[in-house]
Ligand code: NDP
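The chain that follows stands alone, in the form predicted alone, written as structure tokens.
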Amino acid sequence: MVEIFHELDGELSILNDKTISIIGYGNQGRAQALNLRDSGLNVIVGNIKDDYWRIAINDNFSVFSITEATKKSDIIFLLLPDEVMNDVFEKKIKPNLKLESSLVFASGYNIGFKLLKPPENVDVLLIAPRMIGVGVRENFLKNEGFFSFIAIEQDFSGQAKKVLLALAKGIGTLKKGAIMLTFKQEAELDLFNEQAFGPAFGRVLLSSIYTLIDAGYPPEAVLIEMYMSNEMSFTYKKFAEIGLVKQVEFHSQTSQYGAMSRGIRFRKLPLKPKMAEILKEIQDGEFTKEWEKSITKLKFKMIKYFATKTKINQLEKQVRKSLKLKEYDIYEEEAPSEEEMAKLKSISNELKLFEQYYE
């Protein structure tokens, strides 16, 4: 049975004599730091001297270098991007950890796939909010809470679970609920959502858009109907609030009958085998090995460039101009250089496939 924890499961008093450092004052860092401080806990910030350092100062936190913050702390929240975390950890955090201190991650990726190796004399914990940083803060202030996945990878102190639940209470997630998983399970779920569900949903959306445009409907009307009106976001919100099936009551009888009677025709779409394949690649570590290669970062740049040339991207650009909506710079992705193109000869056939996908 899965373990699910709520407000009464956490006891903040066990953290009264602890110093908590937030390493990385970005999206999640700021939200979690403010929530923990508002819960009455002693919080400091560790960051490089950049705009986030200044924001932390303006928020009235004591701000230190990452090295100094680690030395001063009993509990260290590592809220850095995955791609830089290992280097920062090895150079600035690992040599300065106290015995029996707690490392707290917001993503299971680096620990779950064994990219980062903490020492054996610390606790290794996970609190992964299923919410962006601004939502973590907003739902704390509204006293509503938010869901999180939590995990314990290492319990050197013998107190890891108590500390984990106290911290979870401090950031506000126990008001909604925290589900105990493993680091790897959290990472696998997150990657699957990004690599299987998201792209499959995007393909269905694009197929719908092109079906309507090919039938002669104005692009402006099609894009508004399909997603620009925000009606879809309202429906998705109701999925979470009252249920996938029960939310149909918010729609007209005509809408309900049409969706249910025609929905049967899509039951045998061959999505599950492809999703199972993607999940296995994630579970076996194939995706992680691919992403960690230096050539993949260059490949990623190429894929993003192709994405800016997609038919839907150009179509949306025209529609946004027609509707007098704001345009964003992401449309102007820098083209890969000749030197970068030469480096990618080894995967040129694969990149040609991407060009076909994005036509």
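Residue numbers run from 1 along the displayed sequence. Just so we're clear, the structure is a prediction, and the values are computed from it rather than from any experiment.
Quick note: we don't show the form predicted together with the ligand, though the next part is all about it.
Trainee: Please tell me which of L103, M85, L174, A166 lies within 4.5 Å of the ligand in the model of the complex, judged by heavy atoms.
Mentor: After the contact test, the surviving option is M85.
Trainee: Quick check on this chain: which one of Y52, F306, W291, F61 has a heavy atom within 4.5 Å of the ligand in the model of the complex?
Mentor: Contact with the ligand in the model of the complex is made by Y52 alone.
Trainee: Using a 4.5 Å heavy atom cut-off, indicate which stretch of 128 to 136, 221 to 229, 234 to 242, 254 to 262 touches the ligand in the model of the complex.
Mentor: The contacting stretch is 128 to 136.
Trainee: Does the ligand come within 4.5 Å of any heavy atom of Q28 in the model of the complex?
Mentor: So Q28 counts as contacting the ligand.
Trainee: Is I66 part of the interface with the ligand in the model of the complex - any heavy atom within 4.5 Å?
Mentor: Answer yes; at least one heavy atom of I66 falls within 4.5 Å of the ligand in the model of the complex.
Trainee: Evaluate G24 for contact with the ligand in the model of the complex, applying a 4.5 angstroms cut-off between non-hydrogen atoms, and reply yes or no.
Mentor: Flag for G24 set to yes.
Trainee: Using a 4.5 angstroms cut-off on non-hydrogen atoms, would L80 count as touching the ligand in the model of the complex?
Mentor: It does: once the ligand is placed as it appears in the model of the complex, L80 has a heavy atom within 4.5 Å of it.
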